[in-house]
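The chain below stands alone, shown as structure tokens; this is the form predicted on its own.
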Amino acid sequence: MEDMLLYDRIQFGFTVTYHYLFPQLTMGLSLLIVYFKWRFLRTKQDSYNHAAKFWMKIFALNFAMGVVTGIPMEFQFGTNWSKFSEMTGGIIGQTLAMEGMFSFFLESSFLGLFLFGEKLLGHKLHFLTGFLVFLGSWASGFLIIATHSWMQHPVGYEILENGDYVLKNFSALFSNPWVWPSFLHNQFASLVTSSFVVMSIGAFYLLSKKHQEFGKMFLKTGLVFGAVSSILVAFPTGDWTAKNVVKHQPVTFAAMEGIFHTEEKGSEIILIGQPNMKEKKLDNKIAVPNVLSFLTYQNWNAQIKGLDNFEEKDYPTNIPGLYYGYHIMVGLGTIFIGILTVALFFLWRKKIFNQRWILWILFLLAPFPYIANTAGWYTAELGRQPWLVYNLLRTSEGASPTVSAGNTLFTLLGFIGLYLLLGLLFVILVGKTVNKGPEQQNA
């Protein structure tokens, strides 16, 4: 049973991690495409229109990969997690069905019109199709976050005699206090990813001395959007999200921050340290006294409960993974703000386009928001364990009882091989698109 559960979790973890590489770009990129098209309508400069159509091609490739990798993930609810689906389908089925029927079809339908309908529609209606693609992608994100938020903080439900959960209050799904902080935090994080990719391609064009006009446009746009969204991810949305964890999942917060023992007169914030689970402490830690208490409660001496205040059966099942995931996310976010602040200074001084050292840094930054986003999702998911639905349904109770560990491992290996091939094809197609550049694509 333990092997089966382990492989079920590894398979779902792998497929959802791989899948989310693509939506995190498309959700943020849809806003930047709307911005480029809006700038074209305002200025009548063709370069902005070319930029919008160029990035919509990148968007379309990511969207296609998101669909292909998302479908197997949906099926796993029925194959690997049938008990979870059976018991909670009356609730999570609502938001997942809405995401598929409304948001996905809105996004995909108007994506086709944006890609192929400019001459037929005219520029203003073409802008409207781009805006509806953006609306569909963000609505899709909202409905998935609403599903996830119910698993983190279940509201508006009742339990039937057979143990199944059904929705008692539909509006509670969307007024859940977990929803909006998580949604805004996630969407601004996706905007960080897309901004860094746009900025990185701009830096690449400038370093390689081709498509110079677009290189400057992409770098400036990505830098400004990236700086604003990086700050918004940290504050206020990151702060709101963390305070939700403190209030509703205090044991998770203690594990995230590496607080093994309750400190009576204020909690320190850990900058560096390694969890020692045997001795229940942090090794080699570097910390700043009382700062965590102030950030959490605006009181330097406020008490934050440590893991010693909770029963071990309710501890997150992978405390080191949770701790490192959280600190990787926060650490990278802090580094992003620092680097982009320096880059903005050079942009303000009108010297950034000639500073090759900073162009190299901005070019090489592109993969790191993907790492930060993945670490953030791991923080959320590892923090909820050992529960599928927090304080209601344990992970061990939601797995399919008739799917063997061998079957799951075999299909996992199949997914890994197939996704590697898909990833290679995706990189080749995106590389060719970027290498051609916006000018040749729209000549």
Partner chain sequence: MELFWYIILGLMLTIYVVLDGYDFGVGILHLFLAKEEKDKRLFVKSIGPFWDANEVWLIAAGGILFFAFPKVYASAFSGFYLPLIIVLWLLIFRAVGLELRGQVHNALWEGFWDRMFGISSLLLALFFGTALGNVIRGVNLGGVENGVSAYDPHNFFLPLWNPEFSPKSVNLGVIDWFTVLIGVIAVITLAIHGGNWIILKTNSTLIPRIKKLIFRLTILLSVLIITSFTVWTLVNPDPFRTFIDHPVLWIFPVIALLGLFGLFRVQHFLKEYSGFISSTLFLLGALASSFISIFPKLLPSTNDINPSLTIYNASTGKYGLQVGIYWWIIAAILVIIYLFVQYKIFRGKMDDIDYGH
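Positions refer to the first chain, counted from 1. Worth saying up front: this structure is predicted, and the values here are computed from it rather than measured.
Missing here is the form predicted together with the partner chain; even so, the following discussion is about that form.
Residue contact with the partner chain in the predicted complex: F63 places a heavy atom within 4.5 Å of it. Residue contact with the partner chain in the predicted complex: F77 places a heavy atom within 4.5 Å of it. Within this chain, A366 is remote from the site of the partner chain in the predicted complex, having no heavy atom within 4.5 Å. By the criterion of a heavy atom within 4.5 Å, W348 is excluded from the residues contacting the partner chain in the predicted complex. Only one of Q385, T374, S400, N49 comes within 4.5 Å of the partner chain in the predicted complex through a heavy atom, and that residue is S400. In terms of contact with the partner chain in the predicted complex, the residue from S396, N407, Q45, N391 that brings a heavy atom within 4.5 Å is N407. Taken together, F310, I319 and G325 are entirely out of contact with the partner chain in the predicted complex: none brings a heavy atom within 4.5 Å. Of the candidate stretches 22-30, 377-385, 65-73, 35-43, only 65-73 contains residues with a heavy atom within 4.5 Å of the partner chain in the predicted complex.
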